[in-house]
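Given as C-alpha cells, the chain that follows is alone and in the form predicted alone.
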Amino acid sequence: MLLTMRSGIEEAYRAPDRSASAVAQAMASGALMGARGNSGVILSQIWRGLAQGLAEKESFTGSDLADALLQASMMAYKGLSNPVEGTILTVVREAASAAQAQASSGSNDLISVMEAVVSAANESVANTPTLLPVLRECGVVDAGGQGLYTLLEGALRYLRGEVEQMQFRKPQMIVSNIPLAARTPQMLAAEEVPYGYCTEFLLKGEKLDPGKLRARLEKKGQSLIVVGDESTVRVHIHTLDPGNIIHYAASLGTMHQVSIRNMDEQHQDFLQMQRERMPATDMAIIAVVSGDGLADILGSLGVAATVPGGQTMNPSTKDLLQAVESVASDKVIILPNNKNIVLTAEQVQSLTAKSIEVVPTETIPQGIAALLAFDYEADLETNAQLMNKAKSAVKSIEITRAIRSTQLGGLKIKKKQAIGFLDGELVAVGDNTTDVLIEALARLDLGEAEVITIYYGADTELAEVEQVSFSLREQHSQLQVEVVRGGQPHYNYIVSVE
C-alpha cells in the first residue's frame, strides 16, 4: 500500500493543473500503475472511484467528498471476483456510509465529514475479526483496513493543520474488538495447503475488456483482482500455474511490471519470523479449566498447558504434576481457577525439581485477569506478584443450578433452581438463570464498571445471552459488554466485571 500510494502521489505532482479533478485523476492513474499486492490494487480502485466522483470539479465540499467516497467503495467491490468482508473493502464501505450520513445531517464542511469518516474507519477496522475467521484466530485486525485508516487519518490531520505533529508521531494501530484475541502473538500452523505463486502484472493494449479477462481467469487461481480500462489493466492472482496465465495475458497486449513470487517460501519465512518475534520467556503457565471455549481463550493468552477440571471435577495433585513435567520450562506458574484446587496445586512444589509459583485464582475471570498481567520480561517471582495483584481487580459472578435442596446464607434453595455467586458468596436464587444473573449484577455498582465479559455454557442459548447483553448496554451506556462462548459444562454463566 505504501508503494502504491507513493506512485499515486508522484503522479499527482505531474497533474496538468491543480484542480481537484486533475489531481484525483492523476493519483488514480499513478496508483494503478504502481499497485502492488491485494490491498495496493484495491487502493488503486478506491482512488479511481474518488476520481470519478470528483470529475470536472475545481474544488469540492464535504457532500462532494461523501459522494466520491461512495463511488470509491462501489469501484473497489467491482474490481474483485469474490469480495470478502472483514477487509479493506468493508472499511471503505462503512467509511463512505458515515460520510453520507454526516453530509445529510446538514454539516457540509470537509473537516466534519472527514471526522465522521475516520471515526467509522477506526471502528470498522477494529471489527474486522468478527467478519473474517482467520483474523479472529490470529487475534489481529485486517492490515489493508488498517492501512486505509492510516491514510484517512493523515488526510484529516492535514485538514486540521496538524502537519508538524504528524512528523513526530506514529499512526494509531487499531486493536481488535474481539475480547482476548490479540493479547499475545499467535503461531500459525505449519501444515498448510499449497499457496502457489502470487502473480502480478500490468497489461497494456487496445480494447482490453477487464470483465472478460476476469471471467477467463476466475478458475485459474484464487484472490483474483482485475482492474483497469480498455488500455491498461492490473491483474493480481494466486495460482499454481503462473505460466499459463502469463501466456494468455501476453496474447492480449504487452506486459509490464511482471512479478511472480513463491508464496510457499514466503509462508515458511513468515512462520520463522513469527517464531523469532515471539516473546522470549523461560516460564510456562498451567491453568485448570473446564470447557473447550474457555480452554481456547486461555491458550490464546499464553497458557502452555491446561488441566481439565473445576467444580465437581477437581484434578488430583498427580494430574497437576504431570502437566508441570510435560512443559519444557523449569519455571512454572499454576492457575487453579477454583478455590477447591488451590491447596492441591500448592502440593506440587514438593514433588518436582522445577520452580513453582501458585497464583491462587479462585475463578476463571481471576485467572484471565492474572494472565493479562503476565510480563514476559519479568522473573518468576515478580510475575507471581503481578498476577496475584491483578486477580483481585476483577469481580466474578457464576450462575449454576443447585444439585439438591438446601439453605445457605439465609436463602432457601430448591433442587435444580438457579443460584448465583458473587466472588464465591451466594447472593441470588431463582427459577431462571438470566434473572439470577441480573440480580447478581445488581449487587455491583455497574456505573463504575467499564467492561463486562459474559462466558456462557451449559444449556444456555446465545440468543438469551445477547438479550442480557443488549439490556446491560441500554441501561449503562459506558459499559463495554462482550459475549464469549465458554462451553463450560456446569455453569450457565461465568461473568467478569472490571
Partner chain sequence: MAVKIVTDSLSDITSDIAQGLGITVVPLTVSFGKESFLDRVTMTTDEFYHKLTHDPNWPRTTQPPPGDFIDVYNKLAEETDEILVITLSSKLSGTYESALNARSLVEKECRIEVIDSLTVAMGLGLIVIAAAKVAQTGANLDELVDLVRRAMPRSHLVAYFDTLKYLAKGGRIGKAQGLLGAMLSIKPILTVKDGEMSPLTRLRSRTAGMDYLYNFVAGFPHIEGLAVEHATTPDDADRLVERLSSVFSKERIYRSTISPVVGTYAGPDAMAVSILEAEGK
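Keep in mind the model is a prediction, meaning the values are calculated, not measured. Residue numbers count along the first chain shown, from 1.
In what follows, reference is made to the form predicted in complex with its partner chain, a form of this protein that is not presented.
At the 4.5 Å threshold, heavy atoms of residue 456 stay clear of its partner chain in the model of the complex, well away from it.
The closest heavy atom approach of residue 381 to its partner chain in the model of the complex falls outside 4.5 Å. Proximity of residue 20 to its partner chain in the model of the complex: non-hydrogen atoms within 4.5 Å are absent; the residue sits far from the partner. Although the partner is absent here, residue 375 is a contact residue: one of its heavy atoms lies within 4.5 angstroms of its partner chain in the model of the complex.
Listed residues 301, 327, 427, 208 were compared with its partner chain in the model of the complex; 301 is the one with a heavy atom within 4.5 Å.
In summary, among the residues 98, 148, 356, 297, the only one with a non-hydrogen atom within 4.5 Å of its partner chain in the model of the complex is 297.
Residues with any non-hydrogen atom within 4.5 angstroms of its partner chain in the model of the complex fall in just one of 71-79, 200-208, 363-371, 409-417: 363-371. Residues 450, 451, 453, 455, 480 of 442-480 are found to place at least one heavy atom within 4.5 Å of its partner chain in the model of the complex. In comparison with the shown form, the Cα-Cα distance of residue 127 and residue 375 increases by at least 3 angstroms in the model of the complex.
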